[in-house]
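In structure tokens, one chain follows: the form predicted alone.
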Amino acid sequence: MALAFDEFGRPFVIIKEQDQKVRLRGLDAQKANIASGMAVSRILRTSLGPKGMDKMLQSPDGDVTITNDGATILEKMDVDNQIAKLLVELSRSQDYEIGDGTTGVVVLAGALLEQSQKLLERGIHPIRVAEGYETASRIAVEHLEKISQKFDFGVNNIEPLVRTCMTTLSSKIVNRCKRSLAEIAVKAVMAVADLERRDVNLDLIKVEGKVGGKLEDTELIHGILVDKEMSHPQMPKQIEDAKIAILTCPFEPPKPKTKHKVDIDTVEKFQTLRKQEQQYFDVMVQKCKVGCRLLYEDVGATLVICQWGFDDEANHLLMHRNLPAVRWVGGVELELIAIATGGRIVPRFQELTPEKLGKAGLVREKAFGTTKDRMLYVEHCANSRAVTIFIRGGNKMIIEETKRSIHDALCVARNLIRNNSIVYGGGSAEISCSVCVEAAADKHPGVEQYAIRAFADALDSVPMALAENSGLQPIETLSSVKSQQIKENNHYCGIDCNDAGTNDMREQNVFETLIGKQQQIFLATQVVKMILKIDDVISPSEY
């Protein structure tokens, strides 16, 4: 640790408790940071592409997660190093903004760090490397814009969207059902999309899962699925043309706020109290059922959905008054039911009016398997802009991984509705950008040209990882595809991971969204620039 000295030659302390701190400076700090970034990148490298391997992560509680989604792997890993945490946040920001490409962005950042290490060892200043990377990223993003293609889709022509979602799902554990799952995801997005504003509210799509059945049983419900059943077993299991009262007030007699004690010394007093309570319930049930008939002839609720519970007596009365009810429904589900049925959430019984009732064509209870598990389907709603994707699977881990895969597919479909430009996958876009960046490096006379060439080499690491994970010879495969691209001037040649017999990604229908690919390059470059600019690391020493 370097000490500072005053004018009399006496040393004095600059950093508090500096003898207890570890300090890395200059090139050592940069090399340590690059090494920790590359370590995280190597973990995800084997998960890239359709033949990528899955990771099994165990939490401190013993919960096991099996996934190959980059953001989930890094989220569940207990990362301690500060630079590694930057890469975790990089993957998370890609997930929040785009929803797909979380593994690729970390692999690209790791490759850029690896290339920058070679440049730093040659004595090139890290700021010049960072500037060169920034220039190269701009060239690559502009080139992606040039090689991208637009495609038209509509409510009746969703095939292009389905194909792009299939590319996303092909690298997941669910790839054997990728066609049906991609169709479900696209139909769900189209059901809630506002095509005039080119906007999609993914909160209107509920993803529900239940263990049992097989992956092929996954279905799209144009309505809401609630993991509840009718409150009384003798209530009707199917209600057509339901008028739904959505309540957030409890179905029970009012309780005084203060502490109280009731002394009952005779049978008559007890019967009076019970009668009073029963009368109170009766009024509540009548209010829901026929209280609205004073205004309109024969308008009343035929189903009550309540956020709170009600006791056995209320349940018994509801059953006898032929008013089916569902209790303990969560707040988020209530909101979705209200959106789907066009109803209003009513906080007090006094405010219940016919206009606030929701309408659904069919409400039915469905049992699953030999178990007593039942769920409630609210279908044929007045406003069908709230849908549910219901996932079935052999075990909990499959269902959780399918939920993550469906989320990625939903995000891809949403991105395509916002911006319908695509680039071709299989590493073809990266190889094309690499060739373009390499050619542009000759036009820069300064030291930055080394960094620009290094950026081109880093872009090659994505197709190389794809080839490696598919069991091909990485260097041989990459060089043959690259030479084919240059020779034929064909930007659509990529790595043939699926052994389809052709390198042309147009024939294999492998698409990726343009904004997703651009975001990967932007984010990876920004993080690498930030890491390269750190030249002093002061951390508390470990005892």
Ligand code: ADP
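Residue positions are given as counts along the sequence shown, with the first one as 1. All figures in this text were calculated on a predicted structure; none of them were measured in a lab.
FYI, the form predicted together with adenosine-5'-diphosphate (ADP) isn't displayed, but the following is about it.
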Looking in the predicted bound form, any heavy atom of T67 within 4.5 Å of adenosine-5'-diphosphate (ADP)?
no
Please determine whether P474 contacts adenosine-5'-diphosphate (ADP) in the predicted bound form, using a 4.5 Å cut-off between heavy atoms.
no
Any non-hydrogen atom of G49 within 4.5 angstroms of adenosine-5'-diphosphate (ADP) in the predicted bound form
yes
At 4.5 Å between heavy atoms, is T167 in contact with adenosine-5'-diphosphate (ADP) in the predicted bound form?
yes
Could you tell me which stretch in 93 to 101, 258 to 266, 142 to 150, 211 to 219 has residues with non-hydrogen atoms within 4.5 Å of adenosine-5'-diphosphate (ADP) in the predicted bound form?
93 to 101
Answer option from Q508, Q518, S36, Q30, heavy atom within 4.5 Å of adenosine-5'-diphosphate (ADP) in the predicted bound form
Q508
Contacting member of L87, L108, L466, C433, with respect to adenosine-5'-diphosphate (ADP) in the predicted bound form [4.5 Å, heavy atom]:
L466
